[in-house]
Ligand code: GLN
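Take a look at this single chain, the form predicted on its own, given in C-alpha cells.
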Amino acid sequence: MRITDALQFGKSKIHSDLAKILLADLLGKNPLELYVCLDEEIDEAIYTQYQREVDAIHNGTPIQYAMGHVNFYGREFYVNENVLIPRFETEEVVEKALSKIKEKFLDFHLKVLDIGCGSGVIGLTLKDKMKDLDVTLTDISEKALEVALANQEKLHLDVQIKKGDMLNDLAIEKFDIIISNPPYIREKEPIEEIVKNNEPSIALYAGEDGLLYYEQILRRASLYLKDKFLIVFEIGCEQKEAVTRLAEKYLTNIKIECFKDMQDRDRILVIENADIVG
C-alpha cells in the first residue's frame, strides 16, 4: 500500500485536508511532506488504523477524537470522548494566567487549583511552564480524571489529581490561584451539531443561564483562597457582566478585569484581591 493509494481512499470519504492530516499524523510527517513521497510504501497496520480514523470522521467523529490527541500550547495531549476538545481560546486563558501570575507574585511557589480540569490541559500546562507551582486538578467525572492522569504521566508532571464537584465537596485548603474553564453553555443554547453529538454534555451545559458553575465556585471561593489571590475564568462571550455581578456578590474588595480573545470577544475574566500588592 502506497501513500498515494491511502490518500485516495481517505479523500473518497472525507475532506482532502483531513485525509492528509490523519495520514501524516500516523506516519510522523508534516502533511506537506506527503507530496514528495507519494510512492512510499506504508505498513499495513498503519493503513488499517488510517481506515478506522477516516471512517470515524466520515461517521461524524471530530478529528481530534479520531486521532486521539490534540496539540495544546505546544504539547501533545491525549483526548477522547470523555473530555472536551481543547480550544484555542483556552490557550489564551493559560497565557493570561501565566502573565498575571508573573505580574502579581514575586515568589512562584504558589498553590493552584484547576477546577473542572477535563483532560488537564490548563493545570498541566501551567505546571509545565512554571515548575515551582503546586498544582491540583479536580473534576467530577472519573472518566475525565483518567484522561488527565494519562496526560500527567505522559508529560511527567508532578501534580495532584482529585475527584471533586466544583468546590462543593473538596476538603478545605488555601490556594493562591483558582483557575477554571467550567461548563457555561445555556441549556437551550444552540451549538454546532458536531459538538452537541460528540462532546460530553456534562462539560458543556450549565443550567438555564449558563452561570450555574461560576456561582458554585464563587459562592465558596473565599473558603479556599489566601488573602492574596487570583481567580482566572474562561467565560462565554456574553457573560462578562453576569459573572462580574456574581464575583461582586460573593467576594469583597476585589479588582475585576475582562480580556478579549483573538477574535475580539470577551473571554477571560480575572478576579484578584484589591488591597495587597507586591
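Keep in mind that this is a model prediction, so the values were computed, not measured. Position 1 is the first residue in the sequence shown; the rest follow in order.
Unshown form predicted in complex with glutamine (GLN); subsequent notes refer to it.
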| property | result |
| --- | --- |
| Stretch in contact, per heavy atom within 4.5 angstroms of glutamine (GLN) in the predicted bound form, of 169-177, 116-124, 149-157, 185-193 | 116-124 |
| Glutamine (GLN) contact at residue 84 in the predicted bound form, heavy atom, 4.5 Å | yes |
| 4.5 angstroms heavy atom contact with glutamine (GLN) in the predicted bound form for residue 90 | yes |
| Residue contact check: residue 203 to glutamine (GLN) in the predicted bound form, 4.5 Å heavy atom | yes |
